[in-house]
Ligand SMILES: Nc1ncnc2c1ncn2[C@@H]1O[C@H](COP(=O)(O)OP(=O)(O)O)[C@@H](O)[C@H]1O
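Next up: a single chain in structure tokens, the form predicted alone.
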């Protein structure tokens, strides 16, 4: 198909962007192949209220994307759609050009490679850090094999590697319930990594963390960039500035703006709807 002479700008394209993430004249199959995750025209209506309103989002392989917006903007609903918790009223959602997320259940989506960390860490507090990761490693096996199987040398090395990555190597024998809030956040990210999630959806990963924990979380997420694709939902603008390459701003269930942090920070509509008088 020949593109029009003056194609319309894609929804959410930043003012400084040269090429939109979604080219409106592309065949849908080509758009799906160019992105590890693609949402198009997603609309979710709750009792007449549009939680998502024709939402478009395209995530490239290895990209670290920050998603910001006021409460009620649709951030959680978007992640619910991606993980199969909510079926939208309209739209399409694809993972790797092969999995229609709107036809798959939560388990299938997780097994395919999409993992989610909720705002409140969800770990087995009565188990050690090591046992939490070991359980995650065995999660795809049968119940019987999970109970009786012993870790191979390669599997032990894999867990050790991830413990180093999430800054918990020295705490592997501690009960998860004794960890600080930040350490629990890292452990939950480690669980996703051990499960070999390729797309990580992280909901407010630095909420309630100390300054030192935020610095270590920043290092962790930047180390994952390129190896995994990440969507980070966060309200802490200092943290967003420290990791952001592309920022998507949601407002009233749709993309209000998209671009680098400098573009977003100076966008009049974003300042009015979300950032307010904050100097970015």
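This structure is a prediction, so every number in the text was calculated from the model and none was measured. Numbering follows the first chain given and starts at 1.
The same protein also exists as the form predicted together with the named molecule; that form is not shown, yet it is the one meant from here on.
Of the listed positions (249, 37, 231, 51), a single one reaches within 4.5 angstroms of the named molecule by any non-hydrogen atom in the model of the complex, namely 51. Distance criterion of 4.5 Å from any heavy atom to the named molecule in the model of the complex singles out 76 from the list 162, 76, 110, 171.
Taking the partner from elsewhere, residue 152 is found to have every heavy atom lying beyond 4.5 Å of the named molecule in the model of the complex.
At the 4.5 Å threshold, heavy atoms of residue 72 reach the named molecule in the model of the complex. Remark: of stretches 240-248, 223-231, 64-72, 208-216, the one touching the named molecule in the model of the complex is 64-72 (heavy atom within 4.5 Å).
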